[in-house]
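The chain below stands alone and is given as structure tokens, in the form predicted alone.
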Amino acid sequence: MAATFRIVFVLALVSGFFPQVLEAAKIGDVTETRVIEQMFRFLSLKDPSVRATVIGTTLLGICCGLLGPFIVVRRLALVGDTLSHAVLPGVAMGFLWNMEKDPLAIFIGASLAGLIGACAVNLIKQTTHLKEDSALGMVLATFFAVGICMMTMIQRLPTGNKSGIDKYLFGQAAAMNQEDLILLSVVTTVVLLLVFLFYKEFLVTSFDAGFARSIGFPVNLIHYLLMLLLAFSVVVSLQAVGVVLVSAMLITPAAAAYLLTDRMHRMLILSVLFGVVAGVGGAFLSFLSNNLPTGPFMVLSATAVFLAAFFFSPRRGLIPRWWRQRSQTQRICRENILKAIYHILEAGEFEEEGVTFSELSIRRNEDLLEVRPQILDLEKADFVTVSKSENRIYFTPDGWQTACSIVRNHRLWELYLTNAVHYAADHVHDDAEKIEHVLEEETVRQLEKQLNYERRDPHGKPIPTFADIEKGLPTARQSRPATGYMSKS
């Protein structure tokens, strides 16, 4: 949220200096567009500008996607944001070197500025009591302010407005030329090779720097190598995304991949894939109409990928987690009702085969209006059958086994707490109420063995065994077929 406000503030600030920047050019020079025609035109890749943009955004997605996961797991997201702003003075110095937009000169100047910014952060951390976030914030603001001042000076030069230097603020993928693509290809290749060659070193130092140092890894050298690669990737991404948004291409695809896997090599693959999808997707969306900026659409595409992972990731997604919690709550509710039916039958020494609605209502301390929907749910799950004529509830074999299992888990855990942990018998019920729903069969067997197959709990009640569960109700019938449906009255 803070980063969003900061970007909005920067947009408002820069618009005062460079109002023409916000008129972001689109890929191609058309005055009237139709969405369908533009879609086929983009997908055909016939336009040289479209081909250059697709190649550039693909390389950018690979470069940023490879480095992003290491930044995310090291919790250095703000470092990427700082570097992206710190390189702006270097961009201006690269242009002033020979007064033209020379990609190599700008790359060298921006890389030096980024490294100086990273060194400044480390110097502040080592020589003062300030935390890293404070140092990063100061360096980010200072370097960006210097860069804005230098860009303003360039704009006042006779050739400043035609230089294209302003495109480094918000990016313009359509403005990438052959020299930009060559430089981007070289940097992407270097990043790819170094990540492949030093993957083990990057991996160990990212997760446990202390262990890496203990086995002789040059942790500081590896860290600065990663920062150097990060500076390179930031610089070559400026032309497409711009200073303000480049950190999003480093962080967002990697963050989406982080939600989908716990394996670093898979995270790298997914991050690269998401980076390419965001890059090409942003270029495609900006091509559909006039005056749509490519860089912001690339970031929005990456954000859309992240939101998809955030909501639908099988393990960490919001919706699957909500569904699992809902299913677990429903399961626990069913098991508690089945346990209550078992207790009623047990209290009558299993002379009756079923229980009445009123008995269950009293046992659950709920009125009949609350109990009826719960019984309907049990009947739908095939745990009970209901006799309308007798107004009674009967276990099915599955319902009986589930009820016995829950009662067995509860009483075994109570016995374990009193015997092994020496809890008072009147203090074990609440703990057993929670643990009874999560005990697995293997754990239950181990508990029985450890407790010498004791048949009664601390309160003297019998503990159902596996044999009791398998043989069914201790009466003539295990369950009784339903003769009708539950009355809704």
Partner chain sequence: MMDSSKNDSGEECPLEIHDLTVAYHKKPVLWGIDLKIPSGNLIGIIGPNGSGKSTLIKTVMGMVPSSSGWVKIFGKSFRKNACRIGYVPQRESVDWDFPVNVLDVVLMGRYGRLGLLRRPKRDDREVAMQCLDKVKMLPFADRQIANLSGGQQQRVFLARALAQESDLYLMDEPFSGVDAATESAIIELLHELKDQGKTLLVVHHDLPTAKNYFDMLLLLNMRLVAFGPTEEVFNYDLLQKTYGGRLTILSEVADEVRRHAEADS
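Residue numbers count along the first chain shown, from 1. Quick caveat, the model's predicted, so the values are computed rather than measured.
The form predicted in complex with its partner chain exists for this protein as well; it is not shown, and the discussion that follows is about that form.
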request  = Report the residue, out of W323, F207, F350, F312, that has at least one non-hydrogen atom within 4.5 angstroms of its partner chain in the predicted complex.
outcome  = F207
inquiry  = Looking at S214, Q178, N365, T329 here, can you tell me which has any non-hydrogen atom within 4.5 angstroms of its partner chain in the predicted complex?
reply    = S214
message = Please identify, from 225-233, 196-204, 334-342, 412-420, the stretch that has a heavy atom within 4.5 Å of its partner chain in the predicted complex.
response = 196-204
key: All of L45, R51 and V280 within 4.5 Å of its partner chain in the predicted complex, heavy atom check   = no
query = Does at least one non-hydrogen atom of R263 fall within 4.5 angstroms of its partner chain in the predicted complex?
reply = yes
message = Given that its partner chain is not shown alongside this chain, does M267 nevertheless sit within 4.5 Å of it in the predicted complex, heavy atom to heavy atom?
response = yes
ask   = Quick one: does F284 come within 4.5 Å of its partner chain in the predicted complex, counting heavy atoms only?
value = no
request  = Report yes if any heavy atom of F357 sits within 4.5 Å of a heavy atom of its partner chain in the predicted complex; otherwise report no.
outcome  = no
task = Sequence order please: the residues of 101-126 with a heavy atom within 4.5 Å of its partner chain in the predicted complex.
result = none
